[in-house]
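Single chain ahead, by itself, as structure tokens, in the form predicted alone.
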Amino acid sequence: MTYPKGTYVKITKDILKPEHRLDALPEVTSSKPLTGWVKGKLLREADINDKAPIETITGRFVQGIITEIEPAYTHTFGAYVKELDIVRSTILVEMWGDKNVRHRG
């Protein structure tokens, strides 16, 4: 399916080719391109996996491979980590004592 100019998309783009990456990086990292993802509106008709130009919300013009149409905004701080909850409780007890109402030890 072809998407019209103005469609909101996410593209992927190589920022640095492997030969331009730092020599100090581990080989497993330096042998791969540094890749970035950018969201914006299509400047011409295009389809998924096409190389196409976009304009970002800040007015930058970027070209890359379309990976997603109308991408969602998803933000996370990751999965629950039990150990961090224990650390939080320990800190609150040390700061405020056992009577702290925030302490759920």
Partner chain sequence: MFDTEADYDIKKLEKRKSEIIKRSTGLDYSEFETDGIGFNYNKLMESTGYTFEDVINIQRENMIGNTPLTELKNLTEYARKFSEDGYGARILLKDEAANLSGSFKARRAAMSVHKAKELGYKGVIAATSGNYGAAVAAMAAKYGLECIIIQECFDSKGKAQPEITEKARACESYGAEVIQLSVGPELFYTFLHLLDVTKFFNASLYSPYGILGIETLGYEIAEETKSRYNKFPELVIATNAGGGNLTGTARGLQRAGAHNTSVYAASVNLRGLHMANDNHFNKKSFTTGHTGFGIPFAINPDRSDVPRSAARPLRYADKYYTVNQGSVFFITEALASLEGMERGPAGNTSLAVAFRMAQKMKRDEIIVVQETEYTGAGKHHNAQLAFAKENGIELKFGNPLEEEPGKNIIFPASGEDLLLKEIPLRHIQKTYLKRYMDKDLSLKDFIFLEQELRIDQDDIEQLLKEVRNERKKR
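Residue numbers count along the first chain shown, from 1. Computed from a predicted model, the values in this text were never measured in an experiment. Each form is matched to the other, and the largest set of C-alpha atoms that superpose within 1.5 Å is called the rigid core.
What follows is about the form predicted together with the partner chain, which we do not show.
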item	value
Contact label in the model of the complex: Leu34 to the partner chain, heavy atom within 4.5 Å	yes
Residue contact check: Asn49 to the partner chain in the model of the complex, 4.5 Å heavy atom	no
4.5 Å heavy atom contact, Lys41 and the partner chain in the model of the complex	no
Proximity of Val62 to the partner chain in the model of the complex, heavy atoms at 4.5 Å	yes
Sequence-ordered list of residues in 60-98 near the partner chain in the model of the complex, where near means a heavy atom within 4.5 Å	Arg60, Phe61, Val62, Gln63, Tyr73, His75, Thr76, Phe77, Gly78, Ala79, Val81, Lys82, Glu83, Leu84, Ile86, Val87, Arg88, Thr90, Ile91, Leu92, Glu94, Met95, Trp96
Did Arg21 shift 2 Å or more between the shown form and the other one, C-alpha, core superposed	no
Core superposition between the shown form and the other one, C-alpha change of Thr58 at least 2 Å	no
